[in-house]
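Let's start with one chain on its own, the form predicted alone, as structure tokens.
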């Protein structure tokens, strides 16, 4: 059974376009990670600085492995683009 991870990101002031570009760049990495079934990066219609990343995985462990393997220096470089702590959770049908 697949599991869905929904992550919400709020851009720092004036950084919405940069954060959107960064999040979209993650899509290739996420989609090619073992166990990933799909990935979407979406920008809110009502708030240009709000984004969600919706990922479908074969397991929560596969999602965790993808995080562990992502270059931490790349993630650290993106932190100034984020205006509030990201929110996220796993969901199932």
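These numbers come from a predicted model, not from an experiment. Positions refer to the first chain, counted from 1.
The same protein has a further form, the form predicted together with another copy of the chain, not shown here; the description that follows concerns it.
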Does residue 20 make contact with another copy of the chain in the model of the complex, using a 4.5 Å heavy atom cut-off?
yes
Though only this chain appears here, would residue 43 touch another copy of the chain in the model of the complex if you measure heavy atom gaps against 4.5 Å?
yes
Whether residue 65 contacts another copy of the chain in the model of the complex should be assessed with a 4.5 Å heavy atom distance threshold; does it?
no
In the model of the complex, residue 50 touching another copy of the chain (heavy atom, 4.5 Å):
yes
Counting only heavy atoms, which residues in 77 to 93 are within 4.5 Å of another copy of the chain in the model of the complex?
89, 90, 91, 92, 93
